[in-house]
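Taken one at a time, structure 1 and structure 2 that follow are two forms of one protein chain, written as C-alpha cells.
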Structure 1
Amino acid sequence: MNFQPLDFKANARKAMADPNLREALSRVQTNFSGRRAEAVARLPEFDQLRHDARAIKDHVLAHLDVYLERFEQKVVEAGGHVHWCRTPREARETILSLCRKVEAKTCTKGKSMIAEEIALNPFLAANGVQPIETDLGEYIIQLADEPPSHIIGPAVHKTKAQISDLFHEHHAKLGRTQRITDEQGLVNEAREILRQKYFDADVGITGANLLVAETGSSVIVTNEGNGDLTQTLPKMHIVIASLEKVVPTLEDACTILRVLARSATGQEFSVYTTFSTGPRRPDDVDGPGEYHVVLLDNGRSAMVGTVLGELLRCIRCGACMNHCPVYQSVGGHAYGWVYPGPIGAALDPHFIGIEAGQHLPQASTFCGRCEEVCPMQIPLPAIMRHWREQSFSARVTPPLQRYAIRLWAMAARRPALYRLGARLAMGALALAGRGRGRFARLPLAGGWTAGRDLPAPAGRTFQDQWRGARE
C-alpha cells in the first residue's frame, strides 16, 4: 500500500481516464449526498445540533488535558489500561507488545483511519500477527492490497464486477470456486469466510468514533455488526484512537452522534452504536478479558490553538468529500495519503510536510461546499488557503506559479491597473469567443479545458457590473 502525495497531478490524470472509477464514483452523489440532504430535511433542528456539536468540541480542545486525564482515570477504574503514544512508531510497537502478551497469531480489525495513519497492518503482518479486516469495504481493499479511498466507504472506488473478480480470485483457494455476481451473494460469501476468523482471533482491534471522559467508554458506529464481534469475542480488545476523540459526557456523545450518521450516510443513527467500557466483568456473559486504549498524538497537540486547531473538530463523516467536485472527479487514491478529499487537503500537509503535500491544498475549486455541509463547521477552504500561503512562502510551488501570483498581486495593489487589465482581458476573450460561446482550448488554461469547456465572457467585468448596480 504505497502513498504518493507528490504524484497528485499524475494520479488525478490517471483517475479521470479510468472508466471503472468513473462508474464507481457516480454512486457517491446518490448514496451519500442525496441521502444526507433527505436526512437533514427531516430534522428541523439540524443546524442547532451542528452549533451544539461544534461548541462541545471547542470546549474539549480548550481543556483537552483535563478530559484526557479524566478519561484515563475512568478507564482504569473500569479495569482497563491507557497507553499514551507520541508517534506512530510508539503506537505500533505498543499494539504489537499487547498482541504478543496473549501470543496472538491473528487479530480481527474494525475500520480505523488511525490504524491507516500509523500503517498498522503491514507492521503487524511483518511481525507475525496477521490482521484481518472485518468491515466489508476494508476486507475488499485488503484483498486488493490497496489503501481506503474514502473515510466511511473504503471500497467506494470498486465496481461490483471488480469485487466479484477479486472474491473469485482470492476465495477459490478456500473452496469457493463459483463466481458470485449479485450484491447479496457477495456479502454472504464474505460473512461466511469471516465468521470463523472472529472466533479464532486472540485480539480484536477497533478505532473509536468517540471517547467518553465521564465513563471511560469508547464508542464505535457501524452498519454491519463486525465491530461488536471484533471487540467482544477475542481475549483482548485494543482501541486505537487520537487525542481529540474525547468528549466530556454521554449526553455530549449523543449530540455528536446525531449529526454524525446523518452527515455520513443519511441515517438517523447507524445500525450499531456500541459503547464499550472496560474488560469483561465476572457476571458478564461475554466480552474481552483485557481492554486497552492506545491514544495517539502524532502532532495533534501542536495543532491546538493554531489555525489548524479547527481540524481537530473533524468527526470523520466524509461529508466534505461526498460533496466535493474534485473528489468526485478523481477519487480518494489520487490524494496519495491517508485522508482524501477536502479534509485530506487541509490535514495531510501537517503530517507529511508541505513539500510532500504541496499539491493537495491546490486540489480545490474553493466552491465552499465542504464547509457548508461539514457538521462541525470546519473552515476547510480557509485552511487550504493557509497551506497555499505556506507553500508560496516556502518556495515549494513551481516558479512559474509564484511569478504569476506576484504579477497578479502587483496588479491587485493598483486598482486602476487591475480594472484596465480585466477590461482588456474580458474584451479579448469576448471577441475571440463570439459566435461560439465557449472555448474548447485556451492557452494557459489547459488544466480547465482538458476536462470541460470554458464559457466565453458575454458582458462587462464584474466590477463594472457591481458599480453600475450601485449607481
Structure 2
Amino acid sequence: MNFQPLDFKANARKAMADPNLREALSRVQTNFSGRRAEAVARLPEFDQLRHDARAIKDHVLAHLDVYLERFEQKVVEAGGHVHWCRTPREARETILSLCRKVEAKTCTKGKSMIAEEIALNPFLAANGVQPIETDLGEYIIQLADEPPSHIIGPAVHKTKAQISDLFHEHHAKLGRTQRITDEQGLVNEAREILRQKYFDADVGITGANLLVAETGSSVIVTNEGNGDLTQTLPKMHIVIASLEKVVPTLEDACTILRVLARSATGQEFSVYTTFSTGPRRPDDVDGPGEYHVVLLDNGRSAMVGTVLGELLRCIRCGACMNHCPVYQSVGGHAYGWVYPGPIGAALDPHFIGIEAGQHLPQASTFCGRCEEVCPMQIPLPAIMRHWREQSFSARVTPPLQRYAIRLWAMAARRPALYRLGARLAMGALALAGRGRGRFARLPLAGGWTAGRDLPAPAGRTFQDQWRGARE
C-alpha cells in the first residue's frame, strides 16, 4: 500500500468506500473524543494548564538553542551522547552506525513518529538490522507492511478480524498455527512472541515525548510498557527525538504530561511515564550500558521565528485528528504522509513542499475544532490558510479555482455591477427552480449537486427588494 499526498482525493474516495475503515473511524470519535471531554470535565484547571503548557513551549522556542545545549550538557554529564542530525539521512546513518557498534542483529522499537519521519525501519532492515516494533499497534501494521494511520493509534484502521488473519499468517512460522479471534487472545499471543525478543535485542530504540534540560532526561509515555522493556533490557538505548521536544524543568514536564494523556486518550495519566537519563550507573542492577540521543532537525530550526514556529509546540497527542470531521471521513492514510489530520495538513507541506502537499491544507472546512481542542493552542486553521496563500501565489492552486475566485472577487469589488449581476442571475435561477424550490442538478454546480440538492434562490435579491421598498 503506497499512498501519496498528491492523490489525496483518490485516497479519500477509496477510504470512504471501505466499510471496515468507516467502522474504525466511528470508534475514534466515540472513544478518543468522548473520553477527552470527560477527562477535561474532571479537571477544573485544564484550561489553565493548557495556557501554562503553551507558555512553557513559547519560552523554550525563544531560547531553543540554549535549551538544546543545556540538555546536551546534562546528557553528557550522565554518561550519554547526543547526536545532532540535520536531515533524515544523517539520523538514519547515525542510528545504523550505533547499531553496528554493538553488532546488533535485531533492535526492538517503541513507538516513534520521528522514526516514521526518517523512514528508519526499511533502512535498518536493508542494512542487516531487523527492527521489531513492540507497541501492539505498530507491531500489527509492521506485520501488515502499512504506515500508521493515526499518531497515537497506529492501527486504528484495522479490524479484529484483519488482525486475527495477520497473526495467523505471520505467527504460523513460529509454531502458532491456531487461529485466535478474541482481543485478549491476540494480545496474549503478541505479548508472548515479543517477550523473548526484548531479551534478545541488542539495541532498543524509543522516541521521546519530552526532553528535560534540567536533568538531561528523555521521557516516554506508554500504556503497554513496551517502551520500558525496549529500553531497559538491551545493551544500548537509542532515543530519537526532534529538537522541539525539550522543556526546561521537571515542573514543566509535569504540566505538559497533565494535558497530554487527557488530550490524547482521555486518561487521567498514561500507565507508564518514564524518565531516562544516561546509561546504567556502575552499580545499577540493570539498564542499558549505552545511552544515545539522536536529535533530529529536518527543517525545524528554520521554522523558528516564522509563522510555522507555532507548530513546534505540538506534543503529538492526536486530539486534532480525533476531532476533525475530515479525518473522521477519510482516516489517516489518505493524507499520504507521516502526520495525518489537521497537524499533518499544517506540518506536512513544510517537509514535502506545497506542490506535493497542496491538498492537505485545502482539505479542511476550517471548522476550528482542532484549534479548540489542541492542548498547545496551535492555530492550525491559520497555518493551513498560510499554506493556501503560498499555494495561491505560487500558482500551485489549480488554474480553474484561481480564475473562479478572481472572477468572483472582481465582481465583489464592484458593488453596483455586482447588484445588477446578482439580480439577473438570481432571477433566472429562481425561475428555473420555481417548481421544486431546489435543483438536483445544475450546470457548473456539479460539486454541490453530486451529493445534495441546491436550494433555489427566492427570486429578487434582498438588496433589490430593500431598495425597492424603502428607498
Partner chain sequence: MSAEPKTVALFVTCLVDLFRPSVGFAAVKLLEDAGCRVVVPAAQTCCGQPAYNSGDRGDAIAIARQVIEAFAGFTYVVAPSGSCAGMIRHHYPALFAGDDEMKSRADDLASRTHELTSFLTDVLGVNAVAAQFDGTATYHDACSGLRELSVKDQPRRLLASVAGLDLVPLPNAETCCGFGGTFCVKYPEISTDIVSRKTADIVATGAGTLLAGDLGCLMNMAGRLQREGHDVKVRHVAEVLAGMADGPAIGEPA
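All residue numbers here follow the sequence of structure 1, with the first residue given the number 1. We call the rigid core whatever largest set of C-alpha positions still superposes within 1.5 Å between the two forms. Keep in mind that what you see is a predicted model, and the values were worked out from it rather than measured.
Structure 2 derives from the form predicted together with the partner chain, whereas structure 1 comes from the other one. In a rigid-core overlay of the protein, Met426 has its C-alpha displaced by at least 2 Å between structures 1 and 2. Positional change of Pro19 between structures 1 and 2 stays under 2 Å at the C-alpha, relative to the superposed core. Taking the core as the reference frame, the CA atom of Ala445 shifts 4.8 angstrom between structures 1 and 2.
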